[in-house]
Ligand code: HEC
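In C-alpha cells, the next block holds one chain alone, the form predicted on its own.
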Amino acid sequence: MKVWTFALSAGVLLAQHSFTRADIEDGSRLYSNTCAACHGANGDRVSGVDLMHGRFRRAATDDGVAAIIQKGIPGTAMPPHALTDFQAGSIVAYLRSVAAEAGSVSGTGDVARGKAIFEGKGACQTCHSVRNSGSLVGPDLTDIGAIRRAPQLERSLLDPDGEILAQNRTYRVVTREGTVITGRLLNHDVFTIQLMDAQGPRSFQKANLKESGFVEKSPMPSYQGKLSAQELADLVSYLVSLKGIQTQ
C-alpha cells in the first residue's frame, strides 16, 4: 500500500502521520464537501490562492494550512470547520498528492466530441441533466466542472462505487406490499420521505413502508472497457467544461 508522508518546513502535526491512499481519498471527499464551494474544484477560485500548487496567502507550512482549515481566518470569508487534526491533515495530504495525478488521460480530450458521447454513446442523459436538458434522476451536472477535478471525474466514470458524495447517495424504500423504489433523496421528515426517480418526485408515508435507507452501491454503471481511452478523455473534458455557463 502506498503511503505518503508530508512534513514541510517547521510542521510537526503532519510529520507525525503517514497518509495512505485511502486517507487521501477521504481528504478528497472532505475537500469536495468543505472547501470546493469557495475555492473551486482546482483550488484556484480565490484570487491569489492556488491550493493545489502550494500557493497560500497566510500559511508557510502544511501545519499552518491544516490550522487555517480548522480555525478559519477571523475577519475574512474563510470560516472555521469542525474537523479533527487528522481530517484537516488528510485534506492537506490530498492537496499535496494532486501533482502525482499527471498521468491521467484527463485534459487530453475534445469538448465537442465529449458532449456528443455524453448525449449519445454514454447515455448520460438517462440519469443526468445539463442546463435543464436530460433526466433529474441523478445529480444535475450543469456546474460539475466547478466542483470536481478531472481526475475525480475520471475515477467516477471508471469506478462509480469508489467515491460517492454524500449528497449523491441513492435511497431505497420498500412499501408494505413489497414494491421497491430507489432514487435520489430529496427530503425526509418525521412522517414522510421524498425521492426523485424516473417517474419524477415521489412522496411516501413512513407508516406505509417496511424498509427505507441509503444504498451502498452507486446506480451508475462503470465505463471501464465501454469507452476507449480517447473517448474517456473527451467525456471528461466535456464534464470539466461544465461550470454553470453556456458551453458550445
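One-based numbering along the sequence shown. Fair warning: this is a prediction, and the values are worked out from it, not measured in the lab. Think of the rigid core as the biggest set of C-alphas that the two forms share within 1.5 Å after superposition.
Keep in mind that the form predicted together with ligand HEC is not shown, yet the notes after this line are about it.
- Residue contact with ligand HEC in the predicted complex: C35 places a heavy atom within 4.5 Å of it.
- Shown alone here, H81 lies within 4.5 Å of ligand HEC in the predicted complex, counting heavy atoms only.
- Taking non-hydrogen atoms only, A77 approaches ligand HEC to within 4.5 angstroms in the predicted complex.
- In the predicted complex, ligand HEC sits within 4.5 Å of a heavy atom belonging to S218.
- Proximity to ligand HEC in the predicted complex, defined as a heavy atom within 4.5 Å, singles out one entry of V173, L141, A150, A93, which is L141.
- This chain is drawn without ligand HEC; in the predicted complex, the residue among V98, L165, L158, A116 with a heavy atom within 4.5 Å of it is L165.
- Judged against ligand HEC in the predicted complex with a 4.5 angstroms heavy atom cut-off, the residues R57, Y223 and L239 are in contact without exception.
- For G64, a C-alpha deviation of 2 angstroms or more is recorded between the shown form and the other one after rigid-core alignment.
- Here M78 counts as shifted, since its C-alpha moves by at least 2 Å between the shown form and the other one after the core is aligned.
- Core-superposed comparison between the shown form and the other one: the CA of G40 exceeds or equals a 2 Å shift.
- In the predicted complex, the Cα atoms of I147 and I91 sit 3 Å or more nearer to each other than they do here.
- Relative to the displayed conformation, the Cα-Cα distance from I164 to G40 grows by 3 Å or more in the predicted complex.
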